[in-house]
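First comes one chain, alone, set out as structure tokens in the form predicted alone.
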């Protein structure tokens, strides 16, 4: 290989030899030099022989030499001019290649000649154009979907914005993201994920109005540009059409896959004047739509402010564990018959040095979205188990420690091993731990949920179904889940005394749990009337502000030490609601 790269081909040896001389660097000069030497050396030799062989006078010799020199110069000039003209195609082909390499300029050479140099020019033109088409496709189009990528989409958006300004009209930019694409790809494989994307592209393309542009911006995100906003191209209507077409199930390799999408929308002249501003604002609207559970969302300045605040909060949350800003509070759960504490629920709290106590409703969704919930959830579980062991070592009555499992935690393939390891490290018996899961969490993947919960249950851990009645409420699967406790959501408690519908639903939940032989817990009990209702209708346990707000471990230790709540002490328990805001 080395010799073939450094030794010239046989036919190029003379060319290589001439290239060593600095005075004949150009190819044309090499041709001219060879032509000059090839014609003049024999001619001058002939003249010298002719003069030497004939005894001519000096004047005759001079005349012959002058005539020969003039004729030679004229002939040489004409010959070189002709050669220069004949070499022009080669020179122009070389310049065309150089211009394409340096400036990406396509060659403009004739392609109708059929000799060797004509074929060279034609092949150069076709080759460079095909190469340029391939390069432009690679640079501007996504290989999987065949759609314009973000680079081309922004170029098209720039042109559309300029045209819209000239026509004194607006255009709409949408950013669409599939909501559960990662779950589909993780569960069914990357090949099915790619097939889903291609099917989504086909449906979106069929649903696009005339003159609209559909682009693939990467991962599971699409860009849509509607350059003409008129009555016939209603933006919300288009957004809903795109959402509806994606919501229909897809048949992929014999499996039926369902997905959905969220859309963020920005309008030029209202939400930005450049392609970057419009895309950024549409992305902001998309995040707002995803966060609020809306199908589509228009951009607004207020939304952008909220997003900036969220980003700042997310950054601070990343340091919360390192700086020991997180704490665990405990809300007791009482037996309705004895009014003694039988369990406590561990609740995460964040005491920010600048913001103060940040509501879990604010930071938990952020932690869920960016994955911090995995580290935080494990920390809460370990801290709660350590506290449970502290109470047990102090000789306090054994109680269940209830800990919520997040969706991210529940999806971990080694969840059971992690929990078993924490129990072993802290010395807590599995029977003292209760894990709370929600209906929505379990119904995402029923088979996986049943298997994971069964493994946890086999360890001796209690399983509680939290917020029952607000999610899927799939009675077909309820009996199949290894559940020990059913927790009635606090939303039913709020108006249980005055709202007949809540009364009917609560009674039905209690009856269902009783028939399945499940422990029944009522959340959000805040008044005596609410407590008396759930007590009268068979709830086993209650939890809420009527007895105690979530409190620190020290405060709860004092409550556990008494472990009974006669009426005189009940007032003291109720006063704890002023200690820690929920």
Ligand code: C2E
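Numbering follows the first chain given and starts at 1. Predicted model only: the values in this text are computed from it and were never measured.
This protein has a second form, the form predicted in complex with the ligand, left out of what is shown; the following refers to that one.
- Contact annotation: of the candidates 439, 316, 436, 220, the single residue with a non-hydrogen atom within 4.5 angstroms of the ligand in the predicted bound form is 436.
- This chain is drawn without the ligand; in the predicted bound form, the residue among 502, 467, 228, 325 with a heavy atom within 4.5 Å of it is 467.
- For the three residues 160, 240 and 262, a heavy atom within 4.5 Å of the ligand turns up in the predicted bound form in no case.
- Among heavy atoms of residue 535, none comes within 4.5 Å of the ligand in the predicted bound form.
- Although the partner is absent here, residue 540 lies well away from the ligand in the predicted bound form, with no heavy atom inside 4.5 Å.
- Using a 4.5 angstroms threshold between heavy atoms, residue 345 counts as touching the ligand in the predicted bound form.
- The closest heavy atom approach of residue 284 to the ligand in the predicted bound form falls outside 4.5 Å.
- The stretch in contact with the ligand in the predicted bound form, judged by heavy atoms within 4.5 Å, is 401 to 409, chosen from 401 to 409, 123 to 131, 139 to 147, 290 to 298.
- Contact residues in stretch 376 to 390 (any heavy atom within 4.5 Å of the ligand, taken in the predicted bound form) are limited to 380.
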